[in-house]
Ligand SMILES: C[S@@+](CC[C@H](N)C(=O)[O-])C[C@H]1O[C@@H](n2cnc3c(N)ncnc32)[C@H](O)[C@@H]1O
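Quick setup: one chain, the form predicted on its own, written in structure tokens, and binding and motion questions come after.
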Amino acid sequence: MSGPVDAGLSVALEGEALRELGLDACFDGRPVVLEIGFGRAELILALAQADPARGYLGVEVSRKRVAKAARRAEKAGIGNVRLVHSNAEFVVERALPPSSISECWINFSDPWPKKRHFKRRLFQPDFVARLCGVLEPGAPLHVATDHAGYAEWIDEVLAAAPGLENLCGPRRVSDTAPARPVTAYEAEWLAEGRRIAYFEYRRK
């Protein structure tokens, strides 16, 4: 188990509290890994527990999921994780300093499949540009989606981002998951034979 970073700081935070406190106060100066949209928090808690040398910052719009995951982290004694109730745009644009994130995961964000909702998709050129700015030089960005139309959208947005370098070769997308724990939903989808698109980039 990882030891606490700050016994007086709650695992669960609001986005504004993160902005006011800053990453150093939350993680005692450790390198920080970001997961946007952690859902049931399977991945971020597993990674944090296995890697106490780094801090893990999760962002989720569902307050209920933040509270539930925070209870699990506290029960397991995982002290190097902070879970933020906020939308990703606020955290990336307002709460994170430039070049402050050593790695980023974005798995299965909402595809908003109807055309009139495309503007709500997380992957937009402006957002990706700001996300690139908070990544350290060389920091990896891992992205996954099970929605074919959204995969094409993500591919176009990421490939056009001037600050990112693709690591998947000419196809720009992979069918092979990166080395990380598989979530329950992901395992179910794979068992059903659904294709999952994995994108691997890093900040130039």
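Small disclaimer: the values here were computed from a predicted structure and weren't measured. Note that residue numbering follows the sequence shown and begins at 1.
Another form, the form predicted together with the named molecule, is not on view; read the next lines as being about it.
Requested in this report: Could you tell me if all three of 42, 87 and 107 have a heavy atom no more than 4.5 Å from the named molecule in the predicted complex?
Outcome: Every residue of the candidate spot has a heavy atom within 4.5 Å of the named molecule in the predicted complex.
Q: Select from the listed residues 59, 154, 48, 135 the one whose heavy atoms reach within 4.5 Å of the named molecule in the predicted complex.
A: Looking at 59, 154, 48, 135 one by one, just 59 meets the 4.5 Å heavy-atom criterion.
Of 122, 78, 101, 92, which residue is found within 4.5 angstroms of the named molecule in the predicted complex when only non-hydrogen atoms are counted? Filtering the options by heavy-atom distance leaves 122.
Could you tell me if residue 65 has a non-hydrogen atom within 4.5 Å of the named molecule in the predicted complex?
-> Yes, residue 65 is a contact residue.
Hey, in the predicted complex, does residue 184 get a heavy atom within 4.5 angstroms of the named molecule? So residue 184 counts as contacting the named molecule.
Point to revise | Partner-facing stretch of 31-39, 135-143, 162-170, 48-56, counted where any non-hydrogen atom is within 4.5 angstroms of the named molecule in the predicted complex | key: Among the listed stretches, the partner-contacting one is 31-39.
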